[in-house]
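A single chain, nothing else alongside it, follows as structure tokens in the form predicted on its own.
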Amino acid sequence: MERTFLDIVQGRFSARDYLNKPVEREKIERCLEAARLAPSACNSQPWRFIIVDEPQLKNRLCDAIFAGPYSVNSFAKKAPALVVVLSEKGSFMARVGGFLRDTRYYLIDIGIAVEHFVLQATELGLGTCWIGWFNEKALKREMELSRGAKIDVVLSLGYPAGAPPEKSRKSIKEMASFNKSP
């Protein structure tokens, strides 16, 4: 039986334990294609993805970026791959609009692209976890990125070792209304 979009959304969870099984390159490329197709302000596509799936590099990277105060995310070392998402500021028009609206559209755009990646991964039976708490300086150093590079998101990626936990969510009536303030 084919899963619906809501089935995929309901099945998506923040995986923090992974099987010791590499992720096939074809599946990663399919996730990247989903991210590539994401909409963005003025079609600026302000993202770049670096997939780290070479085990020694991934382990060295995890040791560097999830040490000390960032160790709460050291579970990511169990994942067979990390996805490093570099942020770009977006097109000139998107930046102008963002300035006038006091909104950083490139962050919204990256959120959409990463969620496309994550939902595609879920459909393929993969688990992910959004990670925003990591040592960005160490990541830049280990990946030999410029000091000016901006990294807002790292994803862990792999086959989850367990089932999704029960989710507690607000009801639709608690989070939305029609034609009036909630």
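So that there is no doubt, residue numbering starts at 1 and follows the sequence shown. Since the structure is predicted, the reported quantities are computational estimates derived from the model, not experimental observations.
This protein has a second form, the form predicted together with a small molecule, left out of what is shown; the following refers to that one.
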item	value
Option touching the small molecule, based on a heavy atom within 4.5 Å in the predicted complex, out of Lys173, Arg169, Arg25, Lys21	Arg169
Every residue of Phe75, Cys129 and Trp133 near the small molecule in the predicted complex, heavy atom within 4.5 Å	yes
In the predicted complex, Phe13 touching the small molecule (heavy atom, 4.5 Å)	yes
